[in-house]
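The chain below stands alone, shown as structure tokens; this is the form predicted on its own.
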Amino acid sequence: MYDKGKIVTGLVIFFVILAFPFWYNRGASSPAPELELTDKAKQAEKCIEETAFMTKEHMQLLNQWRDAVARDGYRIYVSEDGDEYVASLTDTCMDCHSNKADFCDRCHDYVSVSPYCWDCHTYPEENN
């Protein structure tokens, strides 16, 4: 028990190092990016679902579409308000959101995700 001071000092240093990232950032975060909609998206005034749903759940929706189209052969998606859409990333989503760099990439970079959509799909033409 003669090393009690060394043990306590070591624990204090350990906890200081462990907590350093929290102290350094102090809860600071950058604001969410402002998305630039294309003229077509602005004219439509609504997406296939509500904006809050699309912001939060678009990847789950795209995964459902992929499974429904590739595995089950269902190509039509019926939204909550009863409208029908073709379940297609490039023909439906990218038709309005063709500015990939200003729309998709801004959010994906902000949250540090690398979606695998473009492993199979081609990039859309950049036109605003």
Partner chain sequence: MNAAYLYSLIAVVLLGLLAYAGVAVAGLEGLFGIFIPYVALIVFVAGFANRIIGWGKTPVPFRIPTTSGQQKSLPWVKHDKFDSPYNTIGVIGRMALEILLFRSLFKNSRVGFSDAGGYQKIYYKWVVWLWLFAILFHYAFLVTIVRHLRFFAEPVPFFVEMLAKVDGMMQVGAPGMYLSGVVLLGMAMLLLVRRIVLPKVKYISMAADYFPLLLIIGIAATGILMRHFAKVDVAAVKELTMGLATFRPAIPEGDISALFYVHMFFVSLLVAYIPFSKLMHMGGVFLSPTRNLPNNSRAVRHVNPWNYPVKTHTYEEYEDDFREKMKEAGLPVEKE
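Positions refer to the first chain, counted from 1. Values in this document were obtained by computation on a predicted structure and should not be read as measured data. In this text, rigid core is short for the largest set of C-alphas that superpose within 1.5 Å between two forms.
Not on display, but discussed next: the form predicted in complex with its partner chain.
**Q** Is every one of 29, 32 and 56 in contact with its partner chain in the model of the complex, taking contact as a heavy atom within 4.5 Å?
**A** Yes, the whole candidate spot contacts its partner chain.
**Q** Is residue 18 a contact residue for its partner chain in the model of the complex, using a 4.5 Å heavy atom cut-off?
**A** Looking in the model of the complex, residue contacts with its partner chain include residue 18, since a heavy atom lies within 4.5 Å.
**Q** So in the model of the complex, does any heavy atom of residue 63 sit within 4.5 Å of its partner chain?
**A** Residue 63: yes, in contact with its partner chain in the model of the complex.
**Q** If you check in the model of the complex, is residue 13 within 4.5 Å of its partner chain, heavy atoms only?
**A** Judged by the heavy-atom cut-off of 4.5 Å, residue 13 is well away from its partner chain in the model of the complex.
**Q** After fitting the rigid core, is the C-alpha of residue 107 off by 2 Å or more between the shown form and the other one?
**A** Moves: no, less than 2 Å.
**Q** Is the shift of residue 118 between the shown form and the other one large enough to count as movement, that is, does its C-alpha move by 2 Å or more after the core is superposed?
**A** Superposed on the core, residue 118 moves its C-alpha less than 2 Å between the shown form and the other one.
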